[in-house]
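What follows is one chain in structure tokens, specifically the form predicted on its own.
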Amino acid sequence: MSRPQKRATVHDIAAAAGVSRGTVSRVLNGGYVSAEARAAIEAAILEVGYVPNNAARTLKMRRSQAVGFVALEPHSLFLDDPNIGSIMLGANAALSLADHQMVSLVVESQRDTERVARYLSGGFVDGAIVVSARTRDPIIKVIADLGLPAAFVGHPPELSDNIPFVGIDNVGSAQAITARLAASGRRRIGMIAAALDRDSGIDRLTGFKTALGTGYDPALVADVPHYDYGSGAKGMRLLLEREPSIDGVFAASDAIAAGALETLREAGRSVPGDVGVVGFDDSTWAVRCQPQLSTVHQPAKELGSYAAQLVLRQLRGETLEPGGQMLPTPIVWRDSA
């Protein structure tokens, strides 16, 4: 029976390179040595087949080299929402470049909250990126109490300016696209408003109200729980029941707009002939729809990448400026309005 091959050590590298163990350690930990010594050590590493013991390094540094991606969304929406997927890909790319692993943590129920809180408290991750945090969400308090390096995508209302975040101007963006919809000649404009328990949903409704001014009618707002296709179909049915002559709709996300388009087709309404529809996100939903959606471009990958960089900067000991960063959100005008 063959014995497992012995793992090469720092001693083996030092012997092969003809230098001290301390010199080898300086090279492995990024310290300064002469160019000649570094070349000899690098050659010796290849010769002896040395592989760093990351487990031992983690114990010594008390770091896991992992960052949690905490999505406070229903499990089904986590899988179906291309916006969340793009944020995750952007975060993972930035963490990967820094040799950090991303751990996905989906919170839908109270049981999930308790489980994730225990996980975060157990030292399994060095930091956290939080997406879709709701007002007074207990996960926010857990992260604050732990003093865990964290960054939020979006800006939950109860957070202080000292907690870093990256987001978009949901109010201004919603106001801009609603105003453009109104400028196309629509007179009875409604909104399918989602996720009013978090900042993005509240802010998009605020922007919609501001754009319409005295023309705003609260009866033409359908309140739905999630940024998903089913909520859009349901919300559009509610609006048609309340106002059969509705001729414009601002959907709080592209997935919601896609659901609204299906309901309008079933009702025999043409888009944009009878009803103009606009969405929000510029996700893959926007170009899959027929007609393609006029929408607000949300830079999802950039949001994820920026949030990851905020966490990594904290882990490096950098002091961050108070407040957060807002990324631009241009309107993309297509055929649906």
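Basically, rigid core = biggest C-alpha set you can superpose within 1.5 Å across the two forms. In this text the structure is predicted, and so the values were computed from the model without any measurement. So that there is no doubt, residue numbering starts at 1 and follows the sequence shown.
Beyond the structure shown, there is the form predicted in complex with a further copy of the same chain, which is absent from this document and is the topic of what follows.
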Exercise for the section: Give a yes or no for S34: in the predicted bound form, does one of its heavy atoms lie within 4.5 Å of a heavy atom belonging to a further copy of the same chain? Expected result: no
Exercise for the section: Check whether N92 has any heavy atom within 4.5 Å of a heavy atom of a further copy of the same chain in the predicted bound form, and answer yes or no. Expected result: yes
Problem - Close approach of L238 to a further copy of the same chain in the predicted bound form, 4.5 Å, heavy atom - result: no
Practice task
Although a further copy of the same chain is absent from this view, report whether I202 comes within 4.5 Å of it in the predicted bound form, heavy atoms only.
Solution key: no
Completion exercise
None of V116, I163, I246, L264 but one has a heavy atom within 4.5 Å of a further copy of the same chain in the predicted bound form; the exception is V116
Practice task
Look at the stretches 186-194, 103-111, 246-254, 203-211 and give the one with heavy atoms within 4.5 Å of a further copy of the same chain in the predicted bound form.
Solution key: 103-111
Practice task
Enumerate the residues of 219-246 that have a non-hydrogen atom within 4.5 Å of a further copy of the same chain in the predicted bound form, in sequence order, or give none.
Solution key: Y229
Practice task
For V171, state whether the C-alpha moves by 2 Å or more between this form and the one not shown after rigid core superposition.
Solution key: no
Exercise for the section: Please say whether, between this form and the one not shown, the C-alpha of R111 moves by 2 Å or more once the core is aligned. Expected result: yes
Exercise for the section: Kindly check if the Cα atom of A267 is displaced 2 angstroms or more between this form and the one not shown relative to the superposed rigid core. Expected result: no
